[in-house]
Each structure stands twice: as structure tokens, then as C-alpha cells.
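Here's a solo chain for you in C-alpha cells, the form predicted alone.
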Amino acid sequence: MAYTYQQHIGGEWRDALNGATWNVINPATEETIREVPFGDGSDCRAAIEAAHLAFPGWSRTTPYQRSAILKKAADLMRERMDQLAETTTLESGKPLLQARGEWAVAADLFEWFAEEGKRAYGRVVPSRNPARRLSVTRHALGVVGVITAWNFPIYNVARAGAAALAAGCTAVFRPSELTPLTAMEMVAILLEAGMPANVVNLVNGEPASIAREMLENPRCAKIHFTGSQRVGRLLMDGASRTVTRLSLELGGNAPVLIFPDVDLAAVARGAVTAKFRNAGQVCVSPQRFFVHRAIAEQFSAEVAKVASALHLGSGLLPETNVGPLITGRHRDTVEAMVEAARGEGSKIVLGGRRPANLDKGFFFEPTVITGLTARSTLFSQEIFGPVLPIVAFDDTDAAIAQANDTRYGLAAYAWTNDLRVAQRVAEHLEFGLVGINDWSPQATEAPFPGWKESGIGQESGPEGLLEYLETKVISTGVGV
């Protein structure tokens, strides 16, 4: 199918009101994929107005009517998986297999919330007053602004969008300007599936003015944001003045505790797959590896051996395991962090530089580093790149304390075959997602909570639907 790569506002595909454009770059080749509109707050204002006009009609449809459209969209995504995944790979750089997997999860999200929307139950509350009846009902919030990051161009948008639409909200999507094409294709699929005009809108453009419009426009009831802590704080500051509701997913610095009773080779293989997925540009990516001293040297060698076999290159090539970073600036940041670790006396076991055989693209070699301390730069900051740092530990309680010593609280992992150790670690790790012998603790049907500075609110699972619903108490006097 041929898609239109423009803004979608008020039921029409449009250029930006200011006439500006933006070049979407393939991070594997540094070449322009496509020129797209690049608007600002005025485009966002028009989109919010359109969504506001559509809200009464959409919110009054039955959950079953909404479900049919969302389920049809999920079916279309699955039918066109190969074409859709290629677009995502071109603009994000991730390997094609990973892009297909991301679209598969997006389809699951739309289908799951299509069904979960039918279960937005209220309840009857027994009243202490015999002359009164109490009931609790749920109602759609209104217009929702969805601002998302580039690392998962469809998953990030679908996770919030599917829940909001299933709840009866209308939406204004603002994907990252680095990866807008995927979201444009998603909107086109929703429209093809039967979504009424104005219910879904998409703006692509200047981040600050679009976010400001969402914050200051009284017709925007809520903003969902996936991105950096810095921007999350700015949104919180703005929301404090306008009392706009927020849900925020602000990244992580996930620890991994590995104990000596595990199958070391198997854990090393899993660690490499999890760490270098999407070139390490994953919020729940395992980042700080605490390995028991009894196996630390052997684990480092095993991880380096497995990682050395990874193929770095364009995500369109079937042999590629690790693609480029999203921009040259992002690669520079990761490179600087590795150099800081080198200056702190750490040992670069593998990688640590730009690949000599790739003169184009924002590539950085899969990197393994040892000789670190828990205070090292690579442990105190979110890396968001293909770097696996390792520190040895002796005492379990000390390792847990070091794992918790971060302002982030999104995901954490532990590997052990000792049930007592597993229970102890799971209960004491201060993170919203904890994987015990599991590198993928998140699921469509389960909530995605961030503790501490990793977020506010929850996406996915039944909790994800509640994020887009208001609660109403109805008290009715019935006499005596």
C-alpha cells in the first residue's frame, strides 16, 4: 500500500502551516529517506481543535464499536508486517527482525485494548444510608496528546494510543521528528480500519512549541510523554501551572545481578542479546552488570566471545544483529562515556570505537568493559548505547544497595537458581519491572510502571486503560 507522509489534522493529510520541512535521515547511510512537513504549535492547536470536536461523538460510541475498529487495525498491521517493518528499519536503524517484532507487539496492543475497553467496569457501592444508592462509573478523559521517542517508533505510540482510543479519548500524536514515518503509517492504518475523521491527528514539528501548546491548550486533557528526564521535568513544571494530567516514561539505568549458580554460557548469550538489542537504545535495557566475583572474569570472557560474533551493519541486511545509533550526536555521547571509563582505569575487553570498515552511518562497536566500580561514569549515567559494563561483587546485600543507588527505577534483573536469593533480590530491588531469570519482564497484558524518576503513571495492562478514564461517583436519593 502507498502511504502519505504528511501531518494528519482534521481528517486531512496536510503540510505544515508555516511551510517548513524536515529531512528524515537513514542512520545507517546518513542519506535522506524522505522530506516531511515540520510544523509547530499552530499545527498542534489545529489538531487539538479537531480532536476536541470529535470527542463527543467518539466517546459516546460503545466499547464494542471502538473495539471493531482497533481490532481491524491490528489485523492490517499483521498483514503488512514486512512493508511496515522496512519503514521502521530505514528511519530508526534497528535490524529488520527487531522492527517486525515491534510491529507485532503494536498489533497485540491494539487488539488487547480493543478487548480491554469492553471491561472499563464501574461498581455499585453499598451505602451506609438506606435512602441513597451509590455507583461508580468510568468516562473518557478527553483529548490526549501523545509525545513519543525515536527508539521504538511504533511501540511507544501504540502503547499509549491504543489505550486512549479504546477508552473513548481522541488523540493528537507527536512522534519524534527523527522517526515520524512509522507513526504516519500507523495513523493511515487506523483511518483505513474505520476510525472517524478527527479522532486521530498527527503533527510533526518543533518539539518545544508543540509541547507548550499541549500544556497550555485547555482542550488537551492529558499528555503522555516517552523520553528524557530533562523534558519530563519541563512538562511537569508546565503542568503545575495548567493542571494538565501527565503520564511519563523517562528512561532507566537497569541493574543486573548475576550469581555463581547459573549456567554461565546461557546467561552470557542472553545478556548479549538483551544488551545489544536496538544497539542498546532501550529504556529497559540491562545496563549495569553486577557479577559475583567467583564468576566475574569467566563471565566477562564469555560475553566478549559472544558479542564479538555480532554483525554490525544496516538493519536491512539479514545478517545484521546490531544497527547504528540514531544520530551522530548520540554516537558522540556514547563514545565520550566510553572514553571517560577508559580514563578512569577501566579495561576495554571488546570494541570501544567506531568500526573502521563502515565509513557511513552512526555506528559504534559492541563494547564490553571491566575493571569498573559502582561509582564509575558508565554506572551512574544511562548509557543508551551498545556498551556492556561489568563490576564484580562479593556481598549480596551490598550489590542490592548499589543496584538501588540510582535516581532511575524502571527495570532490574537477577539471575540465580537459588529460590531464597531470587525472592530476596526481587523483594528488595526498587524498580517497577523486575525480571528474575527473565530478560523481558514487560508484557502487553501487564502494567509497565516506573519507580522514582523513571516515570509517572502506568502503560499496558488494565492499569494502562485506567490512565485515560475519569472516575464519577453517582449518588441517588431513593427515599425511605
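The structure displayed is predicted, hence computed values, not measured ones. Residue numbers run from 1 along the displayed sequence.
Just so it is clear, the following notes concern the form predicted in complex with a small molecule, a form of the same protein that is not shown.
Shown alone here, Phe289 lies farther than 4.5 Å from the small molecule in the predicted bound form, counting heavy atoms only. Residue contact with the small molecule in the predicted bound form: Val200 places no heavy atom within 4.5 Å of it. Taking the partner from elsewhere, Ile154 is found to have every heavy atom lying beyond 4.5 Å of the small molecule in the predicted bound form. Taking the partner from elsewhere, Glu86 is found to have every heavy atom lying beyond 4.5 Å of the small molecule in the predicted bound form. With respect to the small molecule in the predicted bound form, the three residues Thr226, Cys283 and Leu410 uniformly fall within 4.5 angstroms at the level of their nearest heavy atom.
Contact annotation: of the candidates Gly168, Gly161, Pro175, Gly315, the single residue with a non-hydrogen atom within 4.5 angstroms of the small molecule in the predicted bound form is Pro175. Taking Pro255, Pro95, Pro386, Gly252 one by one, only a single residue has any non-hydrogen atom within 4.5 Å of the small molecule in the predicted bound form, and it is Gly252. Here the chain stands by itself, but in the predicted bound form one stretch of 206-214, 305-313, 130-138, 116-124, 206-214, has heavy atoms within 4.5 Å of the small molecule.
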